[in-house]
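Only one chain is shown below, in structure tokens, and it's the form predicted alone.
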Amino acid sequence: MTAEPHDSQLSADLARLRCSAGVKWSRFPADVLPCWIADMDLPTAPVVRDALSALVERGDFGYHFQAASAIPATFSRWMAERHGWWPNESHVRVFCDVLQAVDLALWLGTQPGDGVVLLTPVYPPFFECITGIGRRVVDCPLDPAGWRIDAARLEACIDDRTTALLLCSPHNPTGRVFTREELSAVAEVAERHDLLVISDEIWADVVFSGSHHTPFASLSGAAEARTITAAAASKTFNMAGLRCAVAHIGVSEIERRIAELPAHLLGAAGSPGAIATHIAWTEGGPWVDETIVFLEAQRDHLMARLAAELPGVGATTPEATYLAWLDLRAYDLGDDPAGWLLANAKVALGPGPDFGEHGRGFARLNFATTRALLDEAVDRIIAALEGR
């Protein structure tokens, strides 16, 4: 019997992806479809693969600093061309990943016992970044009706020991692209309370039609002077394992304190990651534009299927990222519906409670995969929920 086209494509996709040693495809048993961690099931840009292949062919594995030294200027041009902000390259530093930059900014810019605001639900590692160094999480929930920032609520959360705001923009897990007006209101609150702003903008390039990312530091000179902007090519180009990121250090005191650290304390990006990042930000623009079109189609397909076949699932159409934040509270699956779906649908989603207390009853689905795999995941979820 000849396999149906969907089944044939699904089998081919699974055969290719289950060869991966990455954590996305190796954490769960083979009968589970992984839609949890924010890795794409797509290959990176050909220009990146070609650059890395050439490095291997040359056996060029000695001391290699050329690409890393070029990244600050490359990042500045990329941000100017795609987001209208030209950061001063002399204030851009290369890191191993975005969380390294976040940790460093919190360590140098706050004191034990200080409060750090999170706009929740939010990227799970942020909580440990704060509590792991003896700081306090100041929980400021986004407005669930559209996941907007409520500036009055933000101001009301701040106490006299709140010294920083850790921002995820565009927002993970909700997919919001905060408007310039929202961010300007946040900047006014930050100025009134003299808050350090650490803005993780790793999703800046994965923004869909009708929305525009505004770098927080681009709002004004005053905003830039209190902001550390962290970014990387990793989410956009699907190369997180290459371990390369940047941060624009707008805060002069933190920049001074970084300069005082021992020269090798923070390590350095390896040459494959630096080369891949440099090439991505110099030659990868057309590939990004094509990939955004594909991801937007995946998003629209997912939202249409949920609306038609699972109307009990609440889902605000994401304006950015390749992540869908699903409200499953209507199905009474408990605080962690992802756990129930893992057991009953054999689909691994991101557990909502990992994103903070306001994630209870939610789960995060990564739709950056093939159409056949996305449909299989949705089919499994529908079958499990309808069969309860």
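Start at 1 and count along the sequence shown; that's the residue number. Quick caveat: nothing in here was measured; it's all calculated off a predicted structure.
Heads up, the form predicted in complex with a small molecule isn't pictured, but that's what we're talking about next.
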Check: Would residue 202 show up as a contact with the small molecule in the predicted complex if we use heavy atoms at 4.5 Å?
Finding: yes
Notebook entry, point to check: Can residue 99 be called a contact residue for the small molecule in the predicted complex at 4.5 Å between heavy atoms?
Noted result: yes
Notebook entry, point to check: At the 4.5 Å heavy atom threshold, is residue 235 in contact with the small molecule in the predicted complex?
Noted result: yes
Next item on the list: With heavy atoms only and a cut-off of 4.5 Å, decide whether residue 33 touches the small molecule in the predicted complex.
Entry: no
Checklist line | Output flag, 38, 168 and 243 jointly within 4.5 Å of the small molecule in the predicted complex, heavy atom basis | finding: yes
Checklist line | Options 298 to 306, 186 to 194, 168 to 176, 151 to 159; stretch whose heavy atom lies within 4.5 Å of the small molecule in the predicted complex | finding: 168 to 176
